[in-house]
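Quick heads-up: it's one chain on its own, the form predicted on its own, in structure tokens.
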Amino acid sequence: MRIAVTGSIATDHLMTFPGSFGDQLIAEQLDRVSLSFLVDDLQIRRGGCAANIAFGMGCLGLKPVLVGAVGNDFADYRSWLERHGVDCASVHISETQHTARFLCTTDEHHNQIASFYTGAMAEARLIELQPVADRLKGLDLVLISPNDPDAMLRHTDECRRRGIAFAADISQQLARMADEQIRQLVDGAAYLFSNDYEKGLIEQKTGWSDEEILDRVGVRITTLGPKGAVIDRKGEPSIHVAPAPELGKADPTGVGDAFRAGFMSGLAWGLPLERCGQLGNLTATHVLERVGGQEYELSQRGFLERFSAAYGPEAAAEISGHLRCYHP
């Protein structure tokens, strides 16, 4: 199955301030704040929704096609992704902009002050999907994840016009995009991804009920955090997928992207939807146990053992013939 993953590609700059932001603020002067924080730590992590999803699919043994826009500072990141099985030949390189960056400072109470530099991501709206399909001799599915809003709309429209199945994953851009734009992204999607909060927001912004959305999409997948996930189809009973037990909790950044990586991998292998959800949950659990969206490792034996413990030996046997984890 030929799957293209469109969306953001970015680097995360994560810093720690050993104090409280609140102690530095003067209530009577909040209209003219001028502050500088001396931070103790800087961690630079690879990120971006599309890159995180493609990385996870690569670690499970697939060859996803990453589609997005980056700057000419992408060389090291490209090498990392390609070593983990990601096809980067359709990534657009900007001649003038840097790769998008997320800069975030966290204080001792986990309050955050952050900025997002869009940079080259704005050029994603220039990307046509047809040349990607021509290079691969066709596309079976395009995942449209958070990106430049115009790019998301363009990719969705092109998929409709060219008859390519697409999966909608609006998530972080729900707050930014207009109601009519949300309706354009949802209508006709083969798969619609969201978490439980975003599910309600999609219904509010589209003006469509849950039933009306199920009339317009093939499969609706809703992640429930520690409660797992639920999969809905029109006229079919809901499938609740139990969570995969974690070994510890380090950081939630990239957990949703990893779920999508596992789910999409299951689709590529032709597995039942329940099995796709289980793959998503266990891949997401690996991210939760690390700081950063691409800092985890998946081993063939370890993944199958944890999958069997969570969902049973028969379920593990069903995925074992497909799974080709990157790490030994």
Ligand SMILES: Nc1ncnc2c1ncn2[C@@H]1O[C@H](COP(=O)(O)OP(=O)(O)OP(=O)(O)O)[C@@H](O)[C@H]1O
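Throughout, we count residues from 1 along the sequence that is shown. As the structure is a computational prediction, the values presented were derived from the model and not from experiment.
Just so it is clear, the following notes concern the form predicted together with the named molecule, a form of the same protein that is not shown.
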Can you pick out, from G119, G85, P149, G228, the residue that has a heavy atom within 4.5 Å of the named molecule in the predicted complex? G228
Could you check which residue among Q173, N195, Q97, T206 gets a heavy atom within 4.5 Å of the named molecule in the predicted complex? N195
With the partner left out here, if you bring back the named molecule in the predicted complex, are F263, A268 and G270 all within 4.5 Å of it by some heavy atom? no
Taking 4.5 angstroms as the heavy atom distance cut-off, pick the stretch from 154 to 162, 107 to 115, 129 to 137, 217 to 225 that is near the named molecule in the predicted complex. 217 to 225
Given that the named molecule is not shown alongside this chain, does D73 nevertheless sit within 4.5 Å of it in the predicted complex, heavy atom to heavy atom? no
Does A284 reach the named molecule in the predicted complex, with heavy atoms at most 4.5 Å apart? yes
According to a 4.5 angstroms non-hydrogen atom cut-off, is H240 in contact with the named molecule in the predicted complex? no
Closest heavy atom of E246 to the named molecule in the predicted complex, within 4.5 Å or not? yes
